[in-house]
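Shown here is one chain on its own, the form predicted alone, set out as structure tokens.
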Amino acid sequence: MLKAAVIQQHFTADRAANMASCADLIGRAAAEGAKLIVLSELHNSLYFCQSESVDFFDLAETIPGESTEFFGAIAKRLGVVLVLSLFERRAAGLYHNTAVVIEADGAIAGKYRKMHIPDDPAFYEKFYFTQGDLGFAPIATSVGKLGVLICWDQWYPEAARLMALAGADMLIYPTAIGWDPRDTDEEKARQLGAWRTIQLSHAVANALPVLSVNRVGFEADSAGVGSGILFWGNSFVAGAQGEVLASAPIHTDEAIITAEIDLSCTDRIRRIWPFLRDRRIDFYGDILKRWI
């Protein structure tokens, strides 16, 4: 059994304070016995993609860099595997939304660059991020092969399936998603329900545990144009049949959510639900087309 934790947080414009808060919560999760700890998307800053400004490129950093050194030291001291989410400066004018996995010895085990980049009201990520080019490759660690994906990726069954086919032991989704405060309560419920359902379906279809961690709290649009985003939290850990093992008790609060994950159950479940065996790959060619 693997004890894992996802850390649901709110953030401010103070980078140092955000990193210190992450460090404190990582320490608390490790004290609860977690060996794998996942942070939410772009955890070093506010979610700056609500508006388009070249000034926000100053938030980007190299990998390796300051954050990987800072969190690498924490991982080594605590003996835990960390999943980070960073604004990567790959080169001048070339930036990515990148997850970095830190091994328990403090070294970088691997990284994943977000493949699906949204461009919606209040989520103007295409202005900042180039599409990922590392593919869907699990990252090998001492706690298993981590199928790390990021936020918008969670809506795509193709991404989850390709991670599964490449041998992932679990699917991990650092996330920044929330409501427009002007949405009705009914619309908010529909959006949240869809978000949880699609991720639980990835667990079922691939017989893999899913760890999803979202930020929480209201963040205003820095440009003063939009109405801001109310990040809905609701972070959770699910088992390989879509059963929710643990979830944030209150969606508006910071929380450390821990769960025991049985990585051996994938083999057992795939014996009784052999979805991979029965795939008709000889008839799936049209999936590569934009429209049929």
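Start at 1 with the first residue shown and count on from there. Values in this document were obtained by computation on a predicted structure and should not be read as measured data.
Keep in mind the form predicted in complex with a further copy of the same chain is missing from the figure; the text below concerns it.
The partner is not drawn, yet in the predicted bound form one stretch among 213-221, 184-192, 85-93, 69-77 has residues with heavy atoms inside 4.5 Å of a further copy of the same chain: 184-192. Contact check for Gly132: a non-hydrogen atom falls within 4.5 Å of a further copy of the same chain in the predicted bound form. When a further copy of the same chain is considered in the predicted bound form, Glu243 lines it closely, a heavy atom lying within 4.5 Å.
In the predicted bound form, none of the heavy atoms of Ala140 sits within 4.5 Å of a heavy atom of a further copy of the same chain. Contact check for Ile272: a heavy atom falls within 4.5 Å of a further copy of the same chain in the predicted bound form. The single contact residue among Ala122, Ala104, Leu162, Ile108, judged by any heavy atom lying within 4.5 Å of a further copy of the same chain in the predicted bound form, is Leu162. Residues of 48-78 that come within 4.5 Å of a further copy of the same chain in the predicted bound form, judged by any heavy atom, do not exist; none qualify.
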